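Consider the single chain below, provided in structure tokens and representing the form predicted on its own.
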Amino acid sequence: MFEEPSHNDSLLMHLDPRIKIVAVFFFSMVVAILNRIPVLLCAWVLGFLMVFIAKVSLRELVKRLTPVNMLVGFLWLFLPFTFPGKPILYLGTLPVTHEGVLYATKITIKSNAIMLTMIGLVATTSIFTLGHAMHELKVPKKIVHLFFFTYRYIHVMQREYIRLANSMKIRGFRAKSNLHTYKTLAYMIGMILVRSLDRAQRVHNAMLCRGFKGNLYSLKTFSINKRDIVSLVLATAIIIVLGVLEWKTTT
């Protein structure tokens, strides 16, 4: 998710980022508690619609969906076999339960629906704009600071990891399934943590030297216009409809 936003001009790009954050947050909350497959499919289609409006290219979409679907695929290896329920078929001696398959399907649709809305949000808003919008929404300062610094320094930590990994390879290290490999990887992770702490202290001292007192300032101001209000009302109506559909089908 930590990538530059899409440069394609779209309707979502011109909306107030606070409106987008609120809409995506409540949409994700509702999708997370949905249980009916037809309603979940509606949410999934809405996620694709948001990505389409945001004009995200197919290549970017696949690249951003791949990590979450790799995790979902890992769940598919276990849930159908471990979730109690009625067996629908057997793979050797392992029963595949109907309830397990259904549960894994729901997780897949929920994850992709939420990620699609998140992709539409990030693809039309820069990370720093999102951080300032969170600050305007009165999100606690510590969370906003953590958001900013995670984005700023996760790439630095990645470069540090690559540098350590390359130095190990130069010294002839080859990863194997033995104690020496586990100890070496543990030492490398420990070194990354130590250097991360050292860098954090230096960055903190540098910020204090520049007069940082825990406040965030932005040269950009946010304003809500009629288009933002209409979008918020439409998003609220969609979220309510999803909730009503879920409630009516369960009663």
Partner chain sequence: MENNDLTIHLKNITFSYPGCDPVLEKLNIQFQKGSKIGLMGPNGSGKTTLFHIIMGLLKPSAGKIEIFNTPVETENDFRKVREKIGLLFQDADDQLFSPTVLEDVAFGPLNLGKTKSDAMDIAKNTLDFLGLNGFEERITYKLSGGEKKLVSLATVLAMEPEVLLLDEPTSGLDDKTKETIKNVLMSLDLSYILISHEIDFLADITDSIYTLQSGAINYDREIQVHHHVHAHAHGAYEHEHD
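Model, not experiment: these values are computed from the prediction. Residue numbers count along the first chain shown, from 1.
This protein has a second form, the form predicted in complex with the partner chain, left out of what is shown; the following refers to that one.
Of the candidate stretches 64-72, 206-214, 27-35, 50-58, only 206-214 has residues whose heavy atoms lie within 4.5 Å of the partner chain in the predicted bound form. Contact annotation for the candidate site: 44, 93 and 106 all lie away from the partner chain in the predicted bound form (no heavy atom within 4.5 Å). Site annotation in the predicted bound form: the residue of 86, 180, 155, 141 reaching within 4.5 Å of the partner chain with a heavy atom is 155. With the partner omitted from this view, the residue of 161, 76, 148, 173 that lies near the partner chain in the predicted bound form is 148 [heavy atom within 4.5 Å]. Heavy atoms of residue 223 never reach within 4.5 Å of the partner chain in the predicted bound form, leaving it off the interface. Although the partner is absent here, residue 128 sits close enough that one of its heavy atoms falls within 4.5 Å of the partner chain in the predicted bound form.
In the predicted bound form, the partner chain lies farther than 4.5 Å from every heavy atom of residue 110.
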